[in-house]
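Single chain ahead, written as C-alpha cells, the form predicted alone.
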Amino acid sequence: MAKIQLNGKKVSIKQKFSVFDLLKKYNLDRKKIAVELNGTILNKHKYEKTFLKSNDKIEIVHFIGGG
C-alpha cells in the first residue's frame, strides 16, 4: 500500500495505481476535471500511464458551468 494526499486528505492506494484508476475509483469524469500532481497540471492523455507513489500530492478540481 502507498499513502498519498488527495485534496488535502491522506488516502491509501494499492501499488501500481494510476491517476486513471484513482479517477475511476471515485467515479470522476475526466472531461470535467483537472488533475494537479505534485504542483504540476497533468495532461489528460497521461492519466493511464502516470502511476502514483507514496507521498504524492494530488489536487482534483471540478469544472462548474454557469453565468
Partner chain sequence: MKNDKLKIANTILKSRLIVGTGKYKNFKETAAAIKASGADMVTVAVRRVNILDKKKPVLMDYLDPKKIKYLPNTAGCFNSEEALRTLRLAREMGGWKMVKLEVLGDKKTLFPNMIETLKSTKTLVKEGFKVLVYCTDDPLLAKKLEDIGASAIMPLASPIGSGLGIQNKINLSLIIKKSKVPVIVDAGIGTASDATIAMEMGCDGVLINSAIAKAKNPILMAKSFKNAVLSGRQSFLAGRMKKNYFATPSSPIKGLI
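This one's a predicted model, so the numbers in the text were calculated from it and none came from an experiment. Positions refer to the first chain, counted from 1.
The same protein has a further form, the form predicted together with the partner chain, not shown here; the description that follows concerns it.
- At least one heavy atom of L6 is located within 4.5 Å of the partner chain in the model of the complex.
- At the 4.5 Å threshold, heavy atoms of M1 stay clear of the partner chain in the model of the complex, well away from it.
- Using a 4.5 Å cutoff between non-hydrogen atoms, K14 does not count as a contact of the partner chain in the model of the complex.
- In the model of the complex, the partner chain lies farther than 4.5 Å from every heavy atom of K53.
- Contact residues in stretch 26 to 45 (any heavy atom within 4.5 Å of the partner chain, taken in the model of the complex) are Y26, N27, L28, K31, K32, I33, A34, V35, E36, I41, L42, N43, K44.
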